Structures are given as C-alpha cells and as structure tokens.
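We've got the same protein chain twice here, in two forms, each standing alone as structure tokens: structure 1 and structure 2.
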Structure 1
C-alpha cells in the first residue's frame, strides 16, 4: 500500500469516474486502474463497482477505506507543513483558493503585494465553488481559501477581511437611469439575471430579496455556467438587470458606457468576505501575510474589518 494508491482511490471516490480521476492525478487511466486493482488485491476487498455505462459506485467497505485514506493523506500533508515551518514559512508553495465572484476582482491587487512581501513564496491559485474549496481545504489540497460568510466548518478557522455592498447594474437606457438609489423590493418584477445554483452569491441576493424568486420566478433568469462577467455583458446588451458585488464593477478593467451602476437604499445588502484555513495549519506567518495584504489592497467600495 502506497500513498499514491491512496490518492488514486480518493480521486476516484470524488470524481466518480476513472478517466476524470486519472486526469486529476496527472496519470493515464490504465496506470490508475492498475494501481487500484493492485490495492484491491492486496486488501482482498472490492473498493468500487463498475457498470457498463462507466458509472462508479463505492462499496460499503470501500467508503470506509476511502475515508481513512483521506485522513492519512491529510496527516501526510501536515507533516510536510511542519517541515516547511522549520524553514522559512514565507517560502515554498502556498495554495490559495477563491470563490468565482471574488478571485477576478481581488487577485490583480493582491498578487503584486504578495510578490513584493514574500518573493520566495510560489502562489498556486484555484477558483471554485465554496463547497469544493472547503473540501479541498479540509483534505490539505489547499492551504487557505477566500470565501464569504456564512461559513462554518469543523476544524476550520476564519478571519473576516472586509464587508462588500451589492450594487445594481442596469442598461444605460433603462427606465431607472435617473434614479439615485434602488430599493431592494423594486427588483421584483424586473428581468433579473442571476448566477446558477452552487454560487453562494446567488443565494445571498435571494436572501436579500426572497420575492425575486417566489413572486418573479418566470422573469428571474438563472444563468447556469455563466460568470459575473458574462452577465454584465448581457446587461450591456439590454437583456436585463443584475445585482453584483461592488468590486466586480468598481474594480473592473472592462467597464462599459452601456452599463450604469445604481446603489441600494439603506440598509444596503452586502456580504462579508473572509479567509479560512485549518486550525492546526503551522505556517501562521503565511496566513497573516495573506490577511494583511488583502486588507491593504484598497479595493474600492468595501469596508475593511479591523
């Protein structure tokens, strides 16, 4: 039994597909399949059931072994972290995750500061949904993640970074173009475009205006697989209106004269952006560096939390 074999079975359990698991592990599918078969023979158990449609089901005993394998791999990662702590905590690789609606607007300001203050630290960045980032963080595949509250996971510590208000983006010839502020309940009845399920920002908008989905279901467009940038282009085309985090408009390099920003009347809906990491993560200096540099970015429209 090797750590590589444990990584393979964890990948298959997560991807539910041998080919996709092989891609995630950067090996060929035959290499991964042979290794897993070898492990099954060594343990004398069947870990996965394979169907004719390439569907994968984890056996009951396989589920228990995969869970234990995840713990072993996480502890292995901790050993590597401890060894790194004995060196320079601001050197080596730091794997940072960020949700889709934060990364594009924060990273252009964050990365130059990190390069200046920690030139020996190699930064690897992953964008994903909150649930996927959380899983990768707990498994040691990421060192820290940038998310928004609410976020409460066992074994994970968080630090609030800044509060970010939401804004309304409308077409330059929309009937609201002369309005100074928008009331949240005015969104009801509008052709409102939202991100698809899985995006926490979508949930936060609907929390601020629940009637947008309950009373306006036919007009509210759920744009699966789209990004805030795609939705903003649709606003510029006159397709509808949307709600955005303020940094996506105020800190963008691609603002259009076809889009007008409108602020909400008080109390403004907003989100709190935070950094999350494992409680026993040993490179505390690296975590503090990330926190300090994010708060020093000077993002427009936000309120830094002391």
Structure 2
C-alpha cells in the first residue's frame, strides 16, 4: 500500500471515472488502473465495480476504504503542515542555558532583542553551573548555553561572544577608594569574597590571582550557594571586597552609592564568554541569531571579539 495508491482510489471515488481520475492525478490511465488493481489485490478486496460506458460504482467495502484513505491522506497532510510551521528555525521553543554569573546581567538585555528579532521563537531560560549546563546541553535538554572559556567538550561547538574584564568592587569608604587602578597581587591577603565552588567565575578569579588561594582568609573559600548579588550587598555593607565581571557592576541598574568600582591595571584579568551548542544541532540560524543579538546588547565594559 502506498500513499499514491490511496490518492488514486480517492480520485476514482470522486470522479467515478478512471480516465478523469488519472488526469486529476496527473498520470496516465493505465498507471492508475494498474495501481488500483495492485491495491485491490493486496487488500484482496474489490473496491470498484467497473463497467464501461456507465459510471464506476464503489463497493460498500470500497466506500469504507476510500473514506479511511482520505483520513490517512489528511493525516499525512498534517505532516506537511507541521514541517511548514516548524521549518522556520526561528520559531518553536529554544532552550537557552546560562551560568549564574552571566544570566542576570546579559539576559535582561538579550531577551527583548530576541523577542523583537524572532517573535515566533519561545525562549526558555535555565541558569546553572557550567557542569550542569554542559550535561543538559549534551543530553538535548538545552539547545545552547552561555558559558565562559575554557570550555571544551566533545561534540560541542562554541563561539566566543565577548571578553569581559574583571573589576574590583569595594565599599565606598574602603581604604582603596582613592586608588586609580588595582594590581592583581594587591588582592592577596584582603577580605576577598568569592562565590562557592562550582561557579567557574570563582576559579577564574583565583586563576588570575593564584596567591589568593593560599594567603587569603577563609572568605575566599566560603559563600557557598551564594550569588554575585549577595556578594555585592555584602560589599555595600563593608564586609569585604570582591572581584566581579564588569557586566555585573557597570550596569546602571546594579549601581549603588555604597560601592565603588576599581579597574585592574593591565594586564586586566578577564574571561571570554561564549555560546556553546551541539555540533550537529540543526537550527544553526537560531544559534546565529543568539550570537548576533548578544553582540548587539551593548554590555558595558566588554571587549568585542572579531
């Protein structure tokens, strides 16, 4: 049984004439005759009473089968409709993940842009650690994730979005408040507050200032389960200083009179934020859309990447 055969019998049932039905199906009359004969043999059922001159008559069973054939054809048409709808890579659901230290600062700018440029695309956001996002991405639970380098996973492709310098956040009455720039090594021995293990940003800061690991006080290692926002409030409360990615501080929304920003003296420590997706992910246009929109966000303090 083939869909073509079903189309043929429906046509014959409608036209009640093999020749006309063949014409309607854009095939020759023998083609149609043979196809129907084949189907009748396969089903072991006579679908039509043939009589020359007079009209073709459908058998009772043929009537039922033609009706069912129409249903089948209708359902196949739905397949075309589904693919028609969904062939636009910028429609449907897109599940985007982002690490905790990027999501709150990038997504508020990104989402409106995506809404505008791909109104048919439904965005679902998840914030998590790099490791969890990576696993979700590989399992297909996420379509793309925003992480920071280093990130190298088999089967995963990445594209660098921007380079984000780190800055130092201090209490407005901190002793460094008059400093122009901070040298990385000056962080050693300070009350440096960092996120807990699992946050890649923590690792990146400690990578930039290895001595902090051994010589700073316990704050460097605590704040488990916390967020940059919490740390920011603690800075405003004078509990200590912290290192932040610039996008989390330079945005006017996250400013506070109680917190002052200090830049690092060159070479500025920084991280490169990237988009990652499965190498064989089919909606490449959606990926490109995300990339373009992130780069057009105009995040403060970042360095663009060509």
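Here, rigid core means the biggest group of C-alpha atoms that superpose within 1.5 Å across both forms. Keep in mind the model is a prediction, meaning the values are calculated, not measured. Positions refer to the first chain, counted from 1.
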**Report entry** Pair member which, unlike the other, is the form predicted together with the DNA
**Finding:** 2
Query - Large Cα shift (2 Å or above) at residue 66 between structure 1 and structure 2, core-fitted - result: yes
Report task. Spell out whether the Cα of residue 20 moves at least 2 Å between structure 1 and structure 2 when the two forms are superposed on their rigid core. Result -> yes
Requested in this report: Kindly check if the Cα atom of residue 289 is displaced 2 angstroms or more between structure 1 and structure 2 relative to the superposed rigid core.
Outcome: no
Requested in this report: Report, in Å with one decimal, the C-alpha displacement of residue 30 between structure 1 and structure 2 after core superposition.
Outcome: 60.6
